[in-house]
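Given as structure tokens, the chain that follows is alone and in the form predicted on its own.
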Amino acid sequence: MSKPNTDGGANVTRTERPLGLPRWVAALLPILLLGLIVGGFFAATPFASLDTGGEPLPDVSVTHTTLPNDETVILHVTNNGPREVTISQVLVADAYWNFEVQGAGGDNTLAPRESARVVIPYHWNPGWDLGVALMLSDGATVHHTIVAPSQSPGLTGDLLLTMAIIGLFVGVIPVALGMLWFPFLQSMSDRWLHAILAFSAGILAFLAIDAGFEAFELGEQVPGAFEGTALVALGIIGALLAVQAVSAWRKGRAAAGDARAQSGLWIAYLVALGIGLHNLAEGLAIGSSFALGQVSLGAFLVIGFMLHNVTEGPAVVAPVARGERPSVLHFLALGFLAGAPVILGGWLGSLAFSPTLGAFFLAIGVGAILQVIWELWGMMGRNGRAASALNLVMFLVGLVVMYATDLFVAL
């Protein structure tokens, strides 16, 4: 049975009982058939004649290390392979040592895709590289080097307070200082304001490139079972589409006559959101450096990110430099949205750092930033020619400025 329907002005026919079956049965039918075919495939074992009897090699990775005190070394390991593996021996500095596997069901065996902690009671010396090897039951060996070890901070109130203060100095305060350029931006002509928007797009483009490389680099440390590269790609595309969906909803509201949706304040919030996601990753980097005992590296990151993030302030407020001036609460909200995620990232990084989490957050930041660049370019295009010579030069200047400030982070 069928009846006519209208879709986009064209008459179409909608079938209520496809193949004479209820609709819910028709919807589940392909899935049921696929299940039967997959089950039959495994039952028939069509590749049995090609099986030479070889066993797949074990694939165990050490994701990261924590050092709660100078008498303990903890390796966080994941079994990436399709078969279970058993940790039989542990060597520290080429000597067999006692160890305990925690989180693997009470024994030393890890199921496929299972993670655990290998706790080694070993007195290590701060700053002296330490070589550790895991010997598996089949004789395979997994080597790992702890570079310049130092004690990792535990979960304490002081640590949370310290990360919050660092987050304020790295994220909130620099962005707020940059936003003080707002009155100067208001005094500019449209031509130069577009140039500042292009400068902002250049800043964001550098952040996207920088975070993208870091995400894929960190993705290489993700246990193979979690497909680090695919995870990063999913984060980038997913964030891009999610923020684009918000933007499309905003455009729909604007087309319906919503004055607030037509203002540049929406784009300012999108810019702040994209920068905030990137700054979340910065917080992860700082927090994880402290968690891994690299306190000196964390201090350099703090100074570098402070200089780096001042340039993000004008990028946030440039879209609202025309039209009605937003209230102070909006400025506070924009600064908080762009800068405060550093605090959250610092907490996550110092307490529960993992390469998987770090790579995924970085990827989300890249996707959001790419969409914001798209919005900024569209904003310039609606009010003039986006690809003018001045705008392109200022876009390049934004890239160069961020590269220069990023050197302070790399030093």
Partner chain sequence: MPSQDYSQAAKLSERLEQRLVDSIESDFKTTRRAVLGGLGLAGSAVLTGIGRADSDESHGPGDDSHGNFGAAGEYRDTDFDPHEFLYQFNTGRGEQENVPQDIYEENGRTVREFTFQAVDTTVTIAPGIEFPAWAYNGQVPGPTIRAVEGDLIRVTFENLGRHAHTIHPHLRNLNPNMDGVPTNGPGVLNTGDSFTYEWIAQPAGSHFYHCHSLPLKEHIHRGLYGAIVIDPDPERVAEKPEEYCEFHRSQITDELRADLVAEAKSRNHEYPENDAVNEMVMVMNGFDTNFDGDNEVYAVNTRAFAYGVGQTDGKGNWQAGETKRPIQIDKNQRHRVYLINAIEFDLINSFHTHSQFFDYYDHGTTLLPTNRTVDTVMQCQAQRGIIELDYSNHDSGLYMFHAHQSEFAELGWMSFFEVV
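Treat the numbers as computed from the prediction; the structure is a model and nothing was measured. Residue numbers count along the first chain shown, from 1.
One more form of this protein should be noted, the form predicted in complex with the partner chain, which is absent from this view; the next part is about it.
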property: Contact test in the predicted complex: F213 vs the partner chain, heavy atoms, 4.5 Å; result: no
property: L136: touches the partner chain in the predicted complex, heavy atom cutoff 4.5 angstroms; result: yes
property: Exercise: T141 in contact with the partner chain in the predicted complex, heavy atom 4.5 Å; result: yes
property: Contact label in the predicted complex: S187 to the partner chain, heavy atom within 4.5 Å; result: no
property: Heavy atom within 4.5 Å of the partner chain in the predicted complex - residue from G106, P82, G257, G323; result: G106
property: Among the candidates F99, F199, Y269, F331, the residue which, in the predicted complex, approaches the partner chain to within 4.5 Å (heavy atoms); result: F99
property: Region of this chain that lies against the partner chain in the predicted complex, out of 170-178, 227-235, 313-321, 118-126 [heavy atom, 4.5 Å]; result: 118-126
